[in-house]
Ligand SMILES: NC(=O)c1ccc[n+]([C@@H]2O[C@H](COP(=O)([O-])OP(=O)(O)OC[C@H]3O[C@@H](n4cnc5c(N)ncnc54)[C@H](OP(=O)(O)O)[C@@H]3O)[C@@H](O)[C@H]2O)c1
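To begin, one chain is listed below as structure tokens, in the form predicted alone.
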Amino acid sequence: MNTILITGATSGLGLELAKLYKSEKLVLIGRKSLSELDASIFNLDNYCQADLSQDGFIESILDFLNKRDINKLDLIIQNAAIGYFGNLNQSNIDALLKTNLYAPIEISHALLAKLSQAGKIVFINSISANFPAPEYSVYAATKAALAAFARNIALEERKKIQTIYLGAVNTGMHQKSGVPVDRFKIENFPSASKTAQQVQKAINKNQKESTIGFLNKLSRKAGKYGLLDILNKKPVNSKKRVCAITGAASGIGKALVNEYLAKGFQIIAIDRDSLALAELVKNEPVKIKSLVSDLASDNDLEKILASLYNIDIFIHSARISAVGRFIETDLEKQKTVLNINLRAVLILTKALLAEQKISKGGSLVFVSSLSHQASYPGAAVYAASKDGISSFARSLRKSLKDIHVLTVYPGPTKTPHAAKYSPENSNENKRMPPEILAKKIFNSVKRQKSSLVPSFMLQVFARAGTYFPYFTEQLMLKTLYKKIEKQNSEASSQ
């Protein structure tokens, strides 16, 4: 008998999966109280009430497992998710992030070590992870980020990870998400019971990635290969004078400050390094306004928003990372990576648009990563944050009629960030100088391009990662992850 843990088990697809696996030893996770549930399926021995959007849920799950002496799990099905449908203002960013992304990452961090030798984690994902979703942009971003996380820890953990992509399913989630019934005939979507049977078959096939449904497979491929982005519209250009840049004190951000200064812009430089910001302002006290802010702080995010007005270009350049095998890397560091690289971007952008602080004809620039195309084992959460940004930008590009959106996919760049997180720096001089990248970003904004991969060789590598992912994944394992493992092993032995 296998021991199977299922999140989101009290309704919809999760409930149907619980019914299918009823003969196994189950650990069922959900928000409802036990008294609300079917006693023929849920009982004190198999049901753990835990809200994945609330702090402390993982302690409840671990306590439940310990009290029942469950030390090994054969299958973990991460199914829980929430959604929204509507414009960006209607989205609850924190609830979506916590339930759809942070919780699966936290569960993986806590329970990977409890997998049996043949055990695995299955992530139930959505085909929206692969295409622009203007009416549910944050939901799609969380799903894209989760897909990237799963893809990269699958490389680290050697086949213990599986992702299954679904299209729309006839469950209560759509009504809760605000899907208009007059536009979508929810009753015509595949039933939860039928989909659960297909999911079970996919789990048994044990492929790293599966997509349920022929049309869903076509949609995912079309989205992955960029066929759904062809009809993007270019907004009317305007005279741009004010540029706000996060992560402005060093690296790519500092190079962007200097580039836009040279082109006659007023700069709002945002960074948590007060001394480095002071040095920037000292050279150009009239043209640069500095905001000392930590993007992981809600108070500082509010301070940034209160200080901004009539921004013509906003560049999300700030980023941090945490490298090493995922389950051996501190979880709080991983959360901070998500908070700075993804959450702050979503919250700032939502508020800037809602409060109309971006000028018509202005630009939003999102600095993602080549990991979006090439994978990044050894930095799975960083890769997740960057795929989330990329998805969010694609959705905005479809929905914003008078604001230009550019996504930048830098490769190796000669910055303090790269030097800090690279497993070795013997090839540092071969990396692109941030000054060159900044010029390319400036020109891409001026030409209102939708994406930028900043060199021919990087474009070739990005295409290889899109069409031949196995090749780039193995290359990244060899050139990065194995060196990271070796470096960490040597450091721990000292």
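Residue numbers here begin at 1 and follow the sequence given. None of these values were measured; they are calculated from a predicted model.
Below: the form predicted together with the ligand, not depicted.
Within this chain, residue 139 lines the site of the ligand in the model of the complex, having a heavy atom no more than 4.5 Å away.
At a distance threshold of 4.5 angstroms between non-hydrogen atoms, residue 172 is in contact with the ligand in the model of the complex. Taking the partner from elsewhere, residue 32 is found to have a heavy atom lying within 4.5 Å of the ligand in the model of the complex. At least one heavy atom of residue 52 is located within 4.5 Å of the ligand in the model of the complex. With the partner omitted from this view, the residue of 228, 396, 82, 301 that lies near the ligand in the model of the complex is 82 [heavy atom within 4.5 Å]. Taking 315, 124, 405, 280 one by one, only a single residue has any non-hydrogen atom within 4.5 Å of the ligand in the model of the complex, and it is 124.
Taken together, the three residues 239, 261 and 444 all stay farther than 4.5 Å from the ligand in the model of the complex, as judged by their closest heavy atom. Heavy atoms within 4.5 Å of the ligand in the model of the complex belong, among the stretches 464-472, 435-443, 52-60, 451-459, to residues of 52-60. Annotation for 317-337: no interface residues with the ligand in the model of the complex [heavy atom within 4.5 Å].
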